[in-house]
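One chain comes next, on its own, written out as structure tokens in the form predicted alone.
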Amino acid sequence: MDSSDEALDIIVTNVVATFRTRCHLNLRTIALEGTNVIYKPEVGKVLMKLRKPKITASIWSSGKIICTGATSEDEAKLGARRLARCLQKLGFKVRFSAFRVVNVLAVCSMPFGVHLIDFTKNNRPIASYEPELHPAATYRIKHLKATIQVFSTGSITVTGPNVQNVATAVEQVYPLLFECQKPLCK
């Protein structure tokens, strides 16, 4: 079983984080004076984009901000702090607080294909596969709060509350996938 010794590349594609400014924000002022903004009055928010790090933020008048698009937890925090600084420069009394990473999305490719029906049968209560609804089998790990989408090609998509839980989830599901691998086609 020498193939299990290979390191799997887990690529984090999106980190979602939230923080509060602890002050009320005038969305109209941000829309008129800010740069790279889209005002959505029907939803009651402003979208602001940063180029470095490449993130998009949803800003509500209550002071709650959701940042998406970062590729690491550190990048998400840096982007959130830069965003708070942009708002300070617009004249708001912003105080960066209550930062937390809410969700992490990662992809990983197994070095083999997976027989999804066998995988689902072997892990019945926590794995589900509905080929008429979605091409992937869903595997949920409750204690890690992680959800794994397993495709027949061996590609997996993992969502979890932080990068550590995502990595642990991949380590936990690998042996289960290994025993359901497809035979190599010649």
Partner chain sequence: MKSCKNCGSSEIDVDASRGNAVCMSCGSVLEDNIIVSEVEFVETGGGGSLAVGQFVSAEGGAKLPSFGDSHFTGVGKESRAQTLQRAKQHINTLGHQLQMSQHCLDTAFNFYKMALTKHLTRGRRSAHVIAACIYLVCRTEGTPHMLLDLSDLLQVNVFVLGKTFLVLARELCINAPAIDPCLYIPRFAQLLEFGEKNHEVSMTAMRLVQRMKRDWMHTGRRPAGLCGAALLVAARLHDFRRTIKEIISIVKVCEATLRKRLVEFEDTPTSQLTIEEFMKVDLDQECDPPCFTAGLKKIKAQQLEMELRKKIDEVSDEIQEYQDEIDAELENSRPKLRGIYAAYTRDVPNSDMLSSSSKSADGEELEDNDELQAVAKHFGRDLEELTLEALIKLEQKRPEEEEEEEEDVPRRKGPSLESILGPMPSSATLGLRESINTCTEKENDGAADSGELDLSGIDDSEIELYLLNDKEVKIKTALWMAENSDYLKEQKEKEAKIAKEKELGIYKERKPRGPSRRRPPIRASTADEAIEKMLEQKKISSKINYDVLKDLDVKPGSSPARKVESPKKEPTAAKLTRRNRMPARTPLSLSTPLSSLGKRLKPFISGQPNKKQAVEQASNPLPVAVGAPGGESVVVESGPVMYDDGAAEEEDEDEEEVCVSAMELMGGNDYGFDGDDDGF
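Residue numbers count along the first chain shown, from 1. Please read these numbers as outputs of a predicted model, since none were measured by experiment.
There is another form of this protein, the form predicted in complex with the partner chain, and it is not shown here; the text below is about that form.
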Open item on the list: in the predicted complex, does Leu90 come within 4.5 Å of the partner chain, counting heavy atoms only?
Closed with: yes
Task: Proximity of Gly69 to the partner chain in the predicted complex, heavy atoms at 4.5 Å - done: no
TODO: Give a yes or no for Val114: in the predicted complex, does one of its heavy atoms lie within 4.5 Å of a heavy atom belonging to the partner chain?
DONE: yes
Task: Contact test in the predicted complex: Tyr39 vs the partner chain, heavy atoms, 4.5 Å - done: yes
Open item on the list: Using a 4.5 Å heavy atom cutoff, which residues in 122 to 139 contact the partner chain in the predicted complex? It's fine if the answer is none.
Closed with: Arg124, Ser128, Tyr129, Glu130, Pro131, Glu132, Leu133, Pro135
